[in-house]
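Just one chain is shown here, as structure tokens, and it is the form predicted alone.
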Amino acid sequence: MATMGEPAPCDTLFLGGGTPTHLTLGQLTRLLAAVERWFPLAHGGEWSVEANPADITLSTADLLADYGVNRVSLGAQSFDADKLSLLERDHRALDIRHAVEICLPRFTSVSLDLIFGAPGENLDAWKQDLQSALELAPQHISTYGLTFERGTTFWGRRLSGDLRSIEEDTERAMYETAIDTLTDAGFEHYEVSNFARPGHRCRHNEVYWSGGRYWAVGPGAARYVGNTRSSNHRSTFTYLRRIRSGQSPVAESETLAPEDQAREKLVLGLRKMEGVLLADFERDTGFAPHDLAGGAISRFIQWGLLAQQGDRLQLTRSGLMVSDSLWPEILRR
């Protein structure tokens, strides 16, 4: 951070991608002090920290609160012991409940991450996870379908036949159940995977979805500044070696052309439930969405996956179910 020269005041901070709460209290204190020094939080700003439920103690929570952290995102994933074991998590339902009880009085917002679509999971089990989460009264819940990414143990276990993906119809039913259950409970579905009580959206993530600029520090961290997208070396060893030798830790960098910036901004905007205001988008980017991807947009509207209401373009309920398959068509020149 010291290579920045001067501190950079921020409206939002997000400490995570990795789990800072795995650190000892002494190590965590040093990290928080460095962040506070180099990225001072603006008045009324949001400072989020990712946490493993099993790591949260009174001392840990008090330390975070003392440094100005006001939002904690707990990687709950599930309340079912077998599912947590399958997901290779080291906590149990009791740890989640204990962590939430500690965090709610100390932070403005507490968020729970939940995963659906684990091998062998059924709809009733997922409904129970949602109900268990609601009973704890968090202000924010994120739900993600389990993905099998190359290079992970899940990927290898699926290739070997040890794990099998659930049926697409079941996964769709789980996602729809999450939408209905959480919105009926008073949560606002504001982004494809995210639900919040009024006033408790994740402001930091909204920067991403608006196509805004953001800095990043640490191994594997990605930033978007000055129309250039870059990411650091993922290897902690390589990252530290380059920093200590005065070299840049950046592993990959790409400066986006104006049209590519606009296409990405369109995709990110469509992830939000309010969608994209066409006139605002053209004013901000210099491109009209229909000029960028008119053919794809027209097809998606015809198929009932997108809807245009006046000057607003947004996903439909059907489009939500298959949104990841739409984006490549919009990004393609």
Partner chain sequence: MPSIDCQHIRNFCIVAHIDHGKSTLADRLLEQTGTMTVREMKDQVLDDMELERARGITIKARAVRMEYKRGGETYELNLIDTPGHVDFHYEVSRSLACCEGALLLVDAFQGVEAQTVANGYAAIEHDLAIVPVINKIDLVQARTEEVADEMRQSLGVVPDEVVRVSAKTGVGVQQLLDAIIDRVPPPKGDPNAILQAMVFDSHYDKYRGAITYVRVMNGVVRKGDRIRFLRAGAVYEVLELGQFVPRQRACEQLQAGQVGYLICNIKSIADVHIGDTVTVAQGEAAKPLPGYKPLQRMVYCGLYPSDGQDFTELRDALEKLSINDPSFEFSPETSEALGFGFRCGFLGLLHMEIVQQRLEGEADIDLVQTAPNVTYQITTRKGETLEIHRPQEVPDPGQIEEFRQPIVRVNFLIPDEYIGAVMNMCHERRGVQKSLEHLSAARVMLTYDLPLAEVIYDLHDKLKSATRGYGTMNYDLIGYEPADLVRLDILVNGNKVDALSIICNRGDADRRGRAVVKKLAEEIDRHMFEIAVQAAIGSRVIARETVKAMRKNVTAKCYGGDITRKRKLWAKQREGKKRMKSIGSVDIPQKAFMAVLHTGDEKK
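Residue numbers count along the first chain shown, from 1. Every value quoted in this text rests on a predicted model; they were computed, and no experiment measured them.
The same protein also has a form predicted together with its partner chain, omitted here; what follows describes it.
field: Contact assignment for its partner chain in the predicted bound form, among L292, L28, I297, V267, heavy atom within 4.5 Å
entry: Partner contact (heavy atom, 4.5 Å) among the options: V267.
- prompt: Which one, D90, D169, D82, E101, lies within 4.5 Å of its partner chain in the predicted bound form by heavy atoms?
  reply: Contact check passes for D169.
V225 within 4.5 Å of its partner chain in the predicted bound form, heavy atoms: Residue-level check for V225: no, no contact with its partner chain.
message: I'd like to know if L136 sits close to its partner chain in the predicted bound form, meaning any non-hydrogen atom pair within 4.5 angstroms.
response: Close contact is absent here: in the predicted bound form, L136 is far from its partner chain, nothing within 4.5 Å, heavy atoms only.
message: Is Y208 near its partner chain? Define near as a heavy atom within 4.5 Å, in the predicted bound form.
response: So Y208 counts as contacting its partner chain.
message: Since only the chain is shown here, I'm wondering whether S109 would be in contact with its partner chain in the predicted bound form (any heavy atom pair within 4.5 Å).
response: So S109 does not count as contacting its partner chain.
- prompt: Residues in which of 236 to 244, 93 to 101, 190 to 198, 118 to 126 have heavy atoms within 4.5 Å of its partner chain in the predicted bound form?
  reply: After filtering at 4.5 Å, what remains is 190 to 198.
task: Look at the candidate spot formed by A61, R203 and W215 and say whether its partner chain comes within 4.5 Å of a heavy atom in all three of them in the predicted bound form.
output: The answer is no: none of the three residues contacts the partner (heavy atom, 4.5 Å cut-off).
- prompt: Taking its partner chain in the predicted bound form, which residues of 311 to 332 have any heavy atom within 4.5 Å of it?
  reply: Stretch hits, in order: L320, M321, V322, S323, D324, S325, L326, W327, P328, E329, L331, R332.
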